[in-house]
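This document opens with one chain alone, in structure tokens, the form predicted alone.
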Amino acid sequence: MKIDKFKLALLPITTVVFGIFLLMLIVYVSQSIPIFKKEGLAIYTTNVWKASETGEEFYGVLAAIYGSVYTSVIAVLIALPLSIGFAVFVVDYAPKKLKEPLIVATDVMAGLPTILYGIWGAFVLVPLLKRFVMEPLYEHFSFIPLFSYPPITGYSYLSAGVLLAIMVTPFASAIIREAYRMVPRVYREGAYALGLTRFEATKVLLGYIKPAILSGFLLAFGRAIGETVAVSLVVGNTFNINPSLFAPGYTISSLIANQFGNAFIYNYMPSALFAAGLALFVIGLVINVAGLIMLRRWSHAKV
């Protein structure tokens, strides 16, 4: 009976959390209806941003959706190996005197305001990438689509992706590090007792914390795709769909941040921005649901 009462006491909290989630979804859907009635799904399938006070408005956020996913994928591809490597180094290889300072440093990085990353990225990271990465790759490998766009300014998908990777690495590494640290000591001893090398033992132990690695991936992707200020300063803010890493682009978050201030001058721009936010909402929801399904399948397989 006590357990039932305890569950009943937790029900209002669960209801509030779920209610907030549902309310957010309802608001985004309801506010997007005007642009859906005017354009239909063209809001998501076209790359046009025509703001007009004479009634000739037309909005398409395909470039922003593309840029959000593209930069987030770049960030995760960079951040995940860094996070895993950092976790393994801190737990297994770093001298005791360095362990705590390294952990504190990443915690400080996680707590820094994103605008600091954005300013640093615009004035330091972008010039460095342009000079030492983009220009050499373009000069020698411009025939490859990924490097085919001339890096005129350096503000690009690559700059945004690298900056996002730097920003999300502390979050992902914290999850992976704590999970790796909590692997039972008997497993480590057993791996070495079987004659495995340190590299082989590390691979086995990382396999044991796959859920934590997947959680780190989800956190990194969610953090990257929703970042606003820092990305706005380095992505180029151009309605562009290009496979090249060096091309400027847009993300949904930066689009909303840049256009929201004057959106209410126009009839349909606020609704278009809500529709863009709805797309971001759905992308995040799909990624997280897919991750939960993978975690559940992994846990059943272990059983």
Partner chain sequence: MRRFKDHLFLVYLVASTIFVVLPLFHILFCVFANGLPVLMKGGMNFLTGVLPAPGDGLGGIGPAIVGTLVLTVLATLMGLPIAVLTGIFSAEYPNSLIGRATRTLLLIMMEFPTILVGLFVMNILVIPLGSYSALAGALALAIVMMPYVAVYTEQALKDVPSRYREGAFALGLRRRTVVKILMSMARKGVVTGILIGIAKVAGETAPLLFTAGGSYTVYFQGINRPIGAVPLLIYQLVQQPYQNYHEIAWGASLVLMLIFLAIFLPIRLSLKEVKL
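Numbering follows the first chain given and starts at 1. Superpose the two forms; the largest set of C-alphas matching within 1.5 Å is the rigid core. Model, not experiment: these values are computed from the prediction.
Missing here is the form predicted together with its partner chain; even so, the following discussion is about that form.
Though its partner chain is absent from this view, in the model of the complex it lies within 4.5 Å of a heavy atom of just one residue from V108, L77, I152, L146, which is V108. The shortest heavy atom separation between N242 and its partner chain in the model of the complex exceeds 4.5 Å. Its partner chain is not shown here, but in the model of the complex it comes within 4.5 Å of a heavy atom of I119. For V69, no non-hydrogen atom is located within 4.5 Å of its partner chain in the model of the complex, even though that partner is not displayed. When contacts are judged by a 4.5 Å heavy atom cut-off, K7 counts as touching its partner chain in the model of the complex.
Per the 4.5 Å heavy atom criterion, its partner chain in the model of the complex is contacted by stretch 256-264, the sole one of 37-45, 256-264, 61-69, 242-250. With contact defined as any non-hydrogen atom lying within 4.5 angstroms of its partner chain in the model of the complex, the contacting residues in 59-91 are P81, L82, I84, G85, F86, V88, F89, given in sequence order. Core-superposed comparison between the shown form and the other one: the C-alpha position of I26 differs by no less than 2 Å. Compared with the form shown here, the C-alpha atoms of I176 and T14 sit at least 3 Å farther apart in the model of the complex.
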